[in-house]
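A lone chain, given as structure tokens: the form predicted alone.
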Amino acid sequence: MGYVSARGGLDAIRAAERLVRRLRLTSESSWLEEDQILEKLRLLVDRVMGEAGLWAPRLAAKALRQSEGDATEAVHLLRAYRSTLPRFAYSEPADADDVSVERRIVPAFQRVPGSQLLGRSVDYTARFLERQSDDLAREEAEKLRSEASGTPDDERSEAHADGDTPQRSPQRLLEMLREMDLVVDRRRADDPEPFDITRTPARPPAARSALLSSMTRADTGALVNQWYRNILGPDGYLHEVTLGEVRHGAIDVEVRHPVTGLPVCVSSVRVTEVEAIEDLEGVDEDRTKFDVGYGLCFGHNERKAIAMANLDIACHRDAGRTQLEQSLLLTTDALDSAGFLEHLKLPHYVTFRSMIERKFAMRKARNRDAS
């Protein structure tokens, strides 16, 4: 039996790259503009920025176009680009209470201070595939655009579920629970420096900031899978899960001015924030109270933030007894897992040749022993 590696070298690699560019750039359809990706695929852009750890909408749109819609490849392109950028400043700590809320739902309570603010969501509609022609879609777009032009801004931007006046920074449900003495207070008196996962890999046991940062950059699907595995008991029944609050909005990013030393707003980013309520029922836990997990990520990505919040409290309750924290830190990053998978397509002929030779040697030894 012979074993010969594939040949072609640098010329074959360049030809493969030309094929990719040819199909992307010379198709019969019109060129896909950045604004089209930003406006029509906004949730995908948000997901790529979150997993890349870089808030740069136009760069994310470029990466998605270059990767032909492959989200993991787009994340790889953004992280590679970010690694070339100088780090010239650190942002000031931002208070999540300063988020200008565009969407806020509280599944745990019917009426809460500040109102339920539905915002943009398909949670309350049936899933029907829209099959109208492009011409009908354009007509509907023009109709909606004309209707919006005659609607007051407040009415157009709000979709609240009750008669209360919507607030841009409403009181949190968590504060209400604290006033009722129903929540275990895990707040710290000190303010530890956040763990920087871009410079030091997070390994268990890790600080809470390292775990939250890792989940913020984790692959959304992988994180949701970890959450689902965690709440699915050995008996096949789902454990009770309650969401306290889901928020989406914009928050300012400030840095210190190098001359005046005063904080200066340099950007505004959109974030999704979730607080998840956990019913304490352990033998060594205070069963008269709840505990709360926290999740926050770039853009509008409620799936990731919900999974984060529930896994945050799950890791705290687990306290290292299982491999949950290790699994979250080491297996949910899209580039780590996909990178290992992708490298299998690279030449492995030397390794495989040695495996073949071992098989031949074992076969020869077995035949010798049999004779």
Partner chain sequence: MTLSALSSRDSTLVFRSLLTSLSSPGEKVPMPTHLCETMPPRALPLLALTDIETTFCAPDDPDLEAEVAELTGSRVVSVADANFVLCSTPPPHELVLHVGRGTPLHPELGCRLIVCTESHEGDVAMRLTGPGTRPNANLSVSASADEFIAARNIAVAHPPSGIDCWLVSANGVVVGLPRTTLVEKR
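Quick caveat: nothing in here was measured; it's all calculated off a predicted structure. Residue numbers count along the first chain shown, from 1.
Heads up, the form predicted in complex with its partner chain isn't pictured, but that's what we're talking about next.
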Which of 123-131, 275-283, 139-147, 80-88 sits within 4.5 Å of its partner chain in the predicted complex, heavy atom basis: 80-88
4.5 Å heavy atom contact, R14 and its partner chain in the predicted complex: yes
R199 within 4.5 Å of its partner chain in the predicted complex, heavy atoms: yes
Distance check, L25 to its partner chain in the predicted complex, heavy atom within 4.5 Å: no
L10, heavy atom within 4.5 angstroms of its partner chain in the predicted complex: yes
